[in-house]
Every structure is written in C-alpha cells, then in structure tokens.
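Heads up, the chain below is alone and in the form predicted on its own; it's given as structure tokens.
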Amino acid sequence: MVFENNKHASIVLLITCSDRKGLIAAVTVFIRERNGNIINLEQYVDPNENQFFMRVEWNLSGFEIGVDLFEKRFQEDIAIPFEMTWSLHTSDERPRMAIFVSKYSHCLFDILSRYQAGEWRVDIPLIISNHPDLESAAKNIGIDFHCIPVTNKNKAEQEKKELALLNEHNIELIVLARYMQIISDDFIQHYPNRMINIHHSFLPAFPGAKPYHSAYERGVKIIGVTTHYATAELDGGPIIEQDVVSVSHADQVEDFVRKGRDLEKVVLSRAIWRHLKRKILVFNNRTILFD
C-alpha cells in the first residue's frame, strides 16, 4: 500500500469482529505504544449479533512505524488473536472512481461540480454511458467518455468491455448516477460494496403484519430517496443514505420531479462522501455509518 508523504495526513483503521472484552484497549494501546495520537474513535456493538464495529483515526505525523510494518504487526499481534476483519487507509489516498450514467444529467453534473470544486479527494478518470448524450460533459473537463449501448442480447459482451475499461483505469469505486440498466450479478461481484446506486423512490416497502421488524432487519435509515450498495438482489443492497422531501396539494408533477431530483443529488453526494472518508462498514446487508 502506497501513500503520499504528508505530515498532515491521518490513518484510518476499520474493524469488524465478534464482541469481547478488551477490544478497544488492545487497539488503542497498540497505537499509543507506537506514538500514535488518536484524533477520532467511534465504536458500536450490535447486541443481537454480538458483533463489534470500530473506526479509529490517528495522526500520521510522529507515528513511529511505517504503514506496511504496522499492517504486519497489527495482523500478527491484534487481528489474528481477536479474529478481526480489518482495513487500513490514510487521508492521502485518492481513490479512482468511475461514473455510469444514461440520459438523466442532474446527478452527473452535481458530482462533476463537486469534483471540480475539490470537495472530494478522488480521481474520476472515466465515465461510461449507454447513450451518447452526455459525452460533452465529460470531454469539457478532460474525463474519458465511453458510450457502450446495452441490450438484452449484447449485455454479457458489453459488460466485458466495461470491466476491461475499469481494470485499465484501476477503478476502485463505481457510482451509478441514474444509470438506467440492470447490472448483472457477475459484474457486481467484481465490486462488492464498491458500487453505489441512487434509487429515485422510497426503498424498501414492507408488507405484512410486522413492517417495523422488516425495516429493522433491512437497516433502513429513513423513508425517501435511497442510496445503497448494488448487490445481486435488485435494489436490495445495504442502504447508505436516505432522505425525504415535502410535497403539498399545490405541487404539480413537474414539482415532484424537480424536488425529487434535487434530493437525489444531495443523497447521492452524501453516500459518496461517506465512502471516500471510510465511514461505512457493511455487515449482513446492513451498514454501520460513522459520523
């Protein structure tokens, strides 16, 4: 793992494991003993699953061992004994993100404006679409644009082309910015919890006698526009962000569309920001969101 040499950078450690005594102490002492200054720590225990989740961040400046050596020592001394699933990141990382889009432009333009304004520490080398309509938006800021039309007959072949492009550009994260195509299960398996979708409706709906039980099990955040990680189950992936918008008797259809699209942009941008800041953990198709 290679990071920029920035004394103002921080290191982020994400941990998932079965809950037991001494977890927080083991991790924080390990960091302190190497002169790490912890600047943020959040943890949560799911009492139903007896599962522990943690995000801890500390200054890179003054830390006495390199990241690669830290990974080796942490794996041997802490992760293996506690049977942890974990990942390490720094704020210097610049993930490479691809955007998939069809004809609706509002989410794409919002992402590109935030990208140009430097709101996110990310690179966007590639936009893929099944229509040519938005090519100029990409070309105007120097992003490669590839139009790859998809039909039921050519889907497998076209997805192979898309995967080749993603590999060529070393893409780590995909954002479906109102991409009006169903992604195949095989394609999704290449990007587990690394493909963010925006759903322009309320997700999910819960029939039956115990809707609140179903909502809890599904991990909903609120009822409204929804962003989630794409999975093999259509619109059934882990929910990242949700929000609502008010409408009234005076609103016409065009008002519903306008308000809905405004909300889609905001909710999608929040989900992207959380992912880039390493503030999401996924467990059993639910998300744990750190502040």
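The first residue of the shown sequence is 1; numbering continues from there. We call the rigid core the largest set of C-alpha positions that still match within 1.5 Å between the two forms. Quick caveat, the model's predicted, so the values are computed rather than measured.
Another form exists, predicted together with a further copy of the same chain; not displayed. Remarks below refer to it.
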| item | value |
| --- | --- |
| Sole residue of Ala209, Ile80, Ala205, Ala164 within 4.5 Å of a further copy of the same chain in the model of the complex, by heavy atom | Ala205 |
| Heavy atom contact within 4.5 Å of a further copy of the same chain in the model of the complex, the stretch among 84 to 92, 115 to 123, 174 to 182, 156 to 164 | 115 to 123 |
| Contact of Asp110 with a further copy of the same chain in the model of the complex (heavy atom, 4.5 Å) | yes |
| In the model of the complex, Arg218 touching a further copy of the same chain (heavy atom, 4.5 Å) | yes |
| Interface membership of Ala230, a further copy of the same chain in the model of the complex, 4.5 Å heavy atom rule | no |
| Contact label in the model of the complex: Val67 to a further copy of the same chain, heavy atom within 4.5 Å | no |
| Contacts with a further copy of the same chain in the model of the complex - residues in 259 to 291 whose heavy atoms fall within 4.5 Å | Arg261, Asp262, Lys265, Val266, Trp273, Asn285, Arg286, Thr287, Ile288, Leu289, Asp291 |
| C-alpha of Asn48 moved at least 2 Å between this form and the one not shown on rigid core | no |
| Rigid-core frame, C-alpha of Glu254, shift of 2 angstroms or more between this form and the one not shown | yes |
| Outcome for the Cα pair Asn50, Phe206 in the model of the complex, compared with this form (closer or farther; change of 3 Å or more) | farther |
| Direction of the Cα shift between Phe206 and Arg178 in the model of the complex, where the change is 3 Å or more | closer |
